[in-house]
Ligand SMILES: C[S@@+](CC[C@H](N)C(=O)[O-])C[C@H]1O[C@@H](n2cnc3c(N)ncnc32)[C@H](O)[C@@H]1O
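Take a look at this single chain in structure tokens; it is the form predicted alone.
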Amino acid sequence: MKGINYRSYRHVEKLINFNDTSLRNYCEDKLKSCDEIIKFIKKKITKKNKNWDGKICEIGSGNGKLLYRLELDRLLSKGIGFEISRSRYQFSKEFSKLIDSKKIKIFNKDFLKSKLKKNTFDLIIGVDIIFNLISANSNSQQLQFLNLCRKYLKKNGVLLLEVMSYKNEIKLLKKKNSFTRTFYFRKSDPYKNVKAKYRLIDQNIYIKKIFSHRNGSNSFFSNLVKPIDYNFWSKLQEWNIEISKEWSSIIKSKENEYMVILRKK
């Protein structure tokens, strides 16, 4: 399963599945879906940073919705995104045209191979469990990720991560070999739902996903995630760390994500 996380999102949000109307509706819906994390960023980060300059980097930026929403809300002066999925990167370019973005550049590259200027960003974002995915690749990539983020952040800059402990999933998997959950998408999404099958492989959880398209077709991909519990963060001495359970009360999820704010010392 080496490299599985680099392949898993390669066919997501293919432009061929959208027309002009569905593309616009989908993008509008995605921008609106950022409401709560925008509130979170304002409350926990921008209001507490007197020297906020609005330079933001997102790792695993997907279609770019969060960066574009930050630009529309005037919280961003310059944005950089890294997205390894070619299809999602191509989608982000159409998204950019739709909102007439002027301040954001998204790269179809691996963040771990990036060479950016030191002490540049006020905020680096890794939501949608990007840290769980990178950590499942290897412990060395996990460390490399944290070191790069610290290198690129300004003093007192923030690394904001959305993380999952998968505590409930692990309990279930210790009782039986696997289980399946179904998640449903908004009406504007080209897919109706996704069925995700979970099983343990060593210290990671293997998730196989079947996406049901509204046109009747299916698509598949799999990934590995490494559970990250609250105790992990106490080992990191180079950061001032705040763990927020507020996120899980905002976003109702069966997987109980939480937010970690790591402030560079």
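Just count from 1 along the sequence shown to find any residue number. From a predicted model like this one, the values you see are computed outputs, not experimental measurements.
Absent from the display: the form predicted together with this ligand. The rest refers to it.
For the candidate spot formed by 9, 58 and 61, every residue has a non-hydrogen atom within 4.5 angstroms of this ligand in the predicted bound form. Only one segment in the set 91-99, 110-118, 146-154, 189-197 has residues whose heavy atoms sit within 4.5 Å of this ligand in the predicted bound form; it is 110-118. Although the partner is absent from this view, residue 134 contacts this ligand in the predicted bound form, with a non-hydrogen atom inside 4.5 angstroms.
None of the heavy atoms of residue 69 is located within 4.5 Å of this ligand in the predicted bound form. Although the partner is absent here, residue 65 sits close enough that one of its heavy atoms falls within 4.5 Å of this ligand in the predicted bound form.
This ligand in the predicted bound form is approached by residue 128, whose closest heavy atom lies within 4.5 angstroms of it. Proximity to this ligand in the predicted bound form, defined as a heavy atom within 4.5 Å, holds among 84, 76, 160, 80 only for 84.
Although this ligand is not shown here, in the predicted bound form the stretch 202-233 places no heavy atom of any residue within 4.5 Å of it.
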